[in-house]
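First, one chain by itself in structure tokens, the form predicted alone.
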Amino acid sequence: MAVTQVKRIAISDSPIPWLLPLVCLLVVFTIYPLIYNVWLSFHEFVPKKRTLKFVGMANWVQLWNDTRFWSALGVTFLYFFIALVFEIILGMAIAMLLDAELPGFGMLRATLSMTLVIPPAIAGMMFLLMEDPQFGVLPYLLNTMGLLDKSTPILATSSLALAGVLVAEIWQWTPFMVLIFMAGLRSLPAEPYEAAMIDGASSFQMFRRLTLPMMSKVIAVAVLLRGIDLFRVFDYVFVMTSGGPGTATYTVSLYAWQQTFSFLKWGYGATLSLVSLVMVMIMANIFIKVFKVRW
């Protein structure tokens, strides 16, 4: 009887057969890990006994008083805002330059998207070599322009290390913004621009009064997607500087990884991860409400 009923559901118009695999994946890969992470944040691993010990709110109290965490959070926010600003400006500028049906522009657009298929760790390794003070191309170019002494190690100098990591981030992910902005530009109606040209509006006036307002929702979606990804930056920092020199490039994700896998503080690492998740959710929801982003 039960088998017959299951068969009826499978061949009917019921959404259950289609939603069940998705729900199972959601439970296994999202809900269960989240619940386990919350449970783990109230425990701590004891290496000598190879067991988890209940510590209550100790991990949360430690996080509140942890100066290294607050320093890493500051670096994460700085990285977040600088990368986002550069990617928005460069993405919009390049998208407007490539928004034309001229010979070779299709190849340029395809070439830009190639950076997105490179794993971030590989991109970080590429720029680690390019910024090497002895044979790197970037120190050579900066030295030629008189901006940097060739012997100055970019990634080993506190004031330059974060900028060195940001170069890799911006290089790889600006094309992502370009693709989103180009899709938005292609969807804009031509009539407002024709009317503005008849009225004698300049290119800058059309960009400020027509393009930006009509592109606001597209820009908001792009900022939301990149912002969530930027806040959890790990690959570039881990490969290029490992958080150094000192704590100049020490981000929250790197700190959580170090606490979990280097120091075997599983509970404290889980606490750091949960705080990051909560902060991202709060910021994302505030952004969605303020800019009225609709999916």
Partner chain sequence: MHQSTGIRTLRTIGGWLVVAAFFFPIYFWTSVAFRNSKDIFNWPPKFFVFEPTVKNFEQVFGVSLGFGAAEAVTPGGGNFYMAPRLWDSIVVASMSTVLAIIVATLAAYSLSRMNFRGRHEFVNWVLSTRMMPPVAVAIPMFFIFKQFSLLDTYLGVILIHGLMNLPLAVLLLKSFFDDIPSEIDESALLDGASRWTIFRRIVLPMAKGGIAATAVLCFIFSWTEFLFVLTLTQTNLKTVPVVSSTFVTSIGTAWGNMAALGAASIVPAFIVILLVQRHLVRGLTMGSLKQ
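All figures in this text were calculated on a predicted structure; none of them were measured in a lab. Residue numbers count along the first chain shown, from 1.
If you look for the form predicted in complex with the partner chain, you will not find it shown, but the lines that follow are about it.
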### Query
For residue 64, is any heavy atom within 4.5 Å of the partner chain in the predicted complex, or not?
no
#### Entry: Partner contact for residue 83 in the predicted complex: the partner chain, 4.5 angstroms, heavy atom
no
### Task
Answer with yes or no whether residue 130 is in contact with the partner chain in the predicted complex, where contact means some heavy atom within 4.5 Å.
yes
#### Entry: Partner contact for residue 262 in the predicted complex: the partner chain, 4.5 angstroms, heavy atom
no
### Summary
Checked 146, 200, 119, 213 for heavy atoms within 4.5 Å of the partner chain in the predicted complex; positive is 119
### Query
the partner chain in the predicted complex: within 4.5 Å of a heavy atom of each of 60, 89 and 152?
no
### Task
Residue by residue through 237-269, tell me which have a non-hydrogen atom within 4.5 angstroms of the partner chain in the predicted complex.
238, 239, 253, 256, 257, 260, 261, 266, 269
